[in-house]
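This document starts with one chain, in the form predicted on its own, laid out as structure tokens.
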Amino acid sequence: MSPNNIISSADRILVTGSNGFIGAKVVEILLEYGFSNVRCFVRPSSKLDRLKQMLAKYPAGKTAEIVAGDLLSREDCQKAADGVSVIYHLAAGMEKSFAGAFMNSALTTRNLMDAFLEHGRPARFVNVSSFTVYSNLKMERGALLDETCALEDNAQERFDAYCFGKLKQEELVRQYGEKRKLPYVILRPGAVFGPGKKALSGRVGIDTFGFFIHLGGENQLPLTFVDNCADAIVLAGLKPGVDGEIFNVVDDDLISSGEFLSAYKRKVKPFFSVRVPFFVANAMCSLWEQYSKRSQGQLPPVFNRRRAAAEWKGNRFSNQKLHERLGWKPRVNMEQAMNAFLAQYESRTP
């Protein structure tokens, strides 16, 4: 770890969502880098076995704090942010309602930033967002999607509460940066995968109708292995000179949806799938969307053109800024990452 970090190894660091798929790995990398004052914020109902096992592996883990609370509580946020220099904010609401997404993504983030500014020693607030905030509706197929591309301007029409919550969260973080001088960095991970997360990304396809519909075709997937993603997040909290920056997080040597699905079938189990070209999927989503409007919402617009474009239109992805501005390099190459991801199914393989 570089000696030119914006904080010392003894400064207090807060990680929200620290028992989650990515959050636990962020905590582990911080301990690996020698940070000895890590505070792990979790929900009261969270299962902590994985987090505690990981903390036990590192000497600095013995001094790590585990604090349970609710980010909707200003008091809990104040306790969490007290004396903290860097916050890695990974806690996210996964509610399906727009009101719930706003409450558990935007309002929680506002409470945390207020507490950080009032009770912390703000060196940086790292907000972990998502690729879902982008809209490629007006982009050409195969065009490069990077940090300069347009954001979704109608999450309601896309019927995506998570997207709505993340957009509002980012908007608040930028406002706090501009108006209250909060030093921040925003990261937008792509499709994060690795051991511990067995579900296939919706960018590959869906099995909603009782069989697998392969919608991704030969589109490039914006994959990032969990170790690589967590390392990028950690670096974003430590690197000097990147306040106010936004970084997409995807790995090197990205593979296609078809390659991913083929490897999965070979390693896990063969199964029937139907490949649907984008123009067909887009047309079907358009019909679904129109019928939903005519039925006045009796059939929710779960499938629509905005979703089709965001997940299956097919773009290329860049991590050039991640390399150049953060000095990030993937810890695990794509071949190793795929092997590690697929190895978790071995106990189920005949």
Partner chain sequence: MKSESKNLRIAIIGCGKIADQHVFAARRIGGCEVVALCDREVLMARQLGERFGVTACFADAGEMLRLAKPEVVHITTPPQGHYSLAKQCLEAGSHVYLEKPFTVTAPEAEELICLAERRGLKLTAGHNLQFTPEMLEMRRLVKLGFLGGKPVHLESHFSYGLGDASYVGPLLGNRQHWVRQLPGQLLHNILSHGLAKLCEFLDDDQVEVIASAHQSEQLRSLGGAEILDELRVLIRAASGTTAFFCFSTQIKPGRNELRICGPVNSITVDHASGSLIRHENRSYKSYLTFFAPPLVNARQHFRNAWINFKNFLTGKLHQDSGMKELVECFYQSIKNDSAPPLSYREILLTARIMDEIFAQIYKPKPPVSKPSP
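Since the structure is predicted, the reported quantities are computational estimates derived from the model, not experimental observations. Residue numbers count along the first chain shown, from 1.
The protein also exists as the form predicted in complex with its partner chain; that form is not presented, and the subsequent description refers to it.
Although the partner is absent from this view, residue 43 contacts its partner chain in the predicted bound form, with a non-hydrogen atom inside 4.5 angstroms. In the predicted bound form, its partner chain lies farther than 4.5 Å from every heavy atom of residue 116. A residue is said to contact a partner when one of its heavy atoms sits within 4.5 Å of a partner heavy atom; residue 100 meets this definition for its partner chain in the predicted bound form. At least one heavy atom of residue 168 is located within 4.5 Å of its partner chain in the predicted bound form. For the candidate set 255, 107, 200, 151, a heavy atom within 4.5 Å of its partner chain in the predicted bound form is found for exactly one residue, namely 107. Taken together, the three residues 156, 296 and 299 all come within 4.5 Å of its partner chain in the predicted bound form, as judged by their closest heavy atom. Per the 4.5 Å heavy atom criterion, its partner chain in the predicted bound form is contacted by stretch 156-164, the sole one of 240-248, 192-200, 118-126, 156-164.
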